[in-house]
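In structure tokens, the next block holds one chain alone, the form predicted on its own.
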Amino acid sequence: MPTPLPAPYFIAASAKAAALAGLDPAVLAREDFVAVFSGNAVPPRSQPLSAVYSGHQFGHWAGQLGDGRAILLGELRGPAGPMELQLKGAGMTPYSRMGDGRAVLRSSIREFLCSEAMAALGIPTTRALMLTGSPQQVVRESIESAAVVTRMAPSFVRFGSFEHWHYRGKQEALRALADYVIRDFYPALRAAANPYLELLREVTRRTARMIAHWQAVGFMHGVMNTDNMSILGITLDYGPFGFMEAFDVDHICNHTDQGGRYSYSNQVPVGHWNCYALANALLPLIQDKEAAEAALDGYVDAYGDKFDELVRAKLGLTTKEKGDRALADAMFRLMHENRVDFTLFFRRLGALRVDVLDADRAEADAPLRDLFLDRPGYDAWAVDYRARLRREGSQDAARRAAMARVNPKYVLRNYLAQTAIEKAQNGDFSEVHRLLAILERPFDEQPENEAYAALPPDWASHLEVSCSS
């Protein structure tokens, strides 16, 4: 059962998430809803539970884990189908281990905003319905105030849920879990000759495509442990995440990750590794090692096909050519060498004009070119890019509009989140509301919010996020 918080109060709610669950966002700030979504009251038909799971953390088997601070209230059947509602930070559970079961305001604001920002970017993700706070003090590196995020997803089952029963030798429980997941979330697989093999194949594909989406917007999860991987292929558990700013393929967004296991460049192979861990857990049901390995081989093509599709769209290309990957690789290499701001580069690229006189090119390209220290390097790449656009008869206006629909202007940069957090810690939640409104429309120009799309200030380079919350 949730542990009540003293003097809970409403901070924010997502109207778009509420609509998915069939809830009226206008009532969420009411005292009775705040009581439910802070853990101070349990709805009459709710039977709260926390789930056990195990997992590999930073590549090592960690044994039993579980919902240490997450409590599932139940399921609502809304317009988008069944949605589970889960409180994160509502107190101790049987799996809290040495923890207090609480979440702090800092991390809760980050998860609330990023869940909705990712959804607006079109990336598969859990959703955040509501955020509540309390003056109760919680000890982390310093003393902070408590908060609760209400998360939503069709299911919170993880790769680690399967690993738990496999490593305990509980094959019937493993089968029951797999049958449940197939019945409720992959019903088309029930008629397959080997539904468990097809489950592995489909989860592998979904995971690969999800990570392709991450890479294409410069998102870094930070803690891709198997207990943080969704069986539905949706982004799960927002801890020390980050959006790429100065592009560095080896960037590590999680200060705790000293070895860089979950760096930007490692997210793709780690996702594959995690699918192998799931395959190992499902093998007693699949009973065909070679077939399982063949299913895992689909990861590479699923990722490559999706990433190529996304990058081609980011470049405004409507046709396919053999040299497209080389063109993109050269672009990413140049961005890496010059530490170019990821989001700004792609947004400004849409304004590039195909036909410009050589004498006017430096001035015409200045907003984009000035992001690079190596301007001759940029100029050489731009010659190849323009040639590619001409070959498909690209028109500037149509291409710019198409690129603006896939290259966001606004992402949840760490410094934006930190500014909202610091204001909230002083009782001012206006910046949380403002950021939510901005991030729900990431592709729109929003001229009144132009400052939120600018290069980060110098002080932002010193921000660090870790697993500590």
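Bear in mind the structure is a predicted one, so any value in this text is a computation, not a measurement. We number the residues from 1 along the sequence you see.
The same protein also exists as the form predicted together with adenosine monophosphate (AMP); that form is not shown, yet it is the one meant from here on.
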Can you say which of 397-405, 410-418, 39-47, 58-66 gets within 4.5 Å of adenosine monophosphate (AMP) in the predicted complex, counting heavy atoms only?
58-66
Does residue 100 reach adenosine monophosphate (AMP) in the predicted complex if we count a contact as any heavy atom within 4.5 Å?
yes
Is residue 228 one of the residues lying within 4.5 Å of adenosine monophosphate (AMP) in the predicted complex, judged by heavy atom distances?
yes
Given that the partner is absent here, does residue 237 sit within 4.5 Å of adenosine monophosphate (AMP) in the predicted complex, heavy atoms only?
yes
Distance check, residue 155 to adenosine monophosphate (AMP) in the predicted complex, heavy atom within 4.5 Å
no
Just one of 96, 265, 256, 136 has a heavy atom within 4.5 angstroms of adenosine monophosphate (AMP) in the predicted complex, so which one?
96
Name the single residue among 213, 339, 140, 251 that comes within 4.5 Å of adenosine monophosphate (AMP) in the predicted complex, judging by heavy atoms.
140
Does any residue in 194-212 get within 4.5 Å of adenosine monophosphate (AMP) in the predicted complex, counting heavy atoms only, and if so which ones?
none
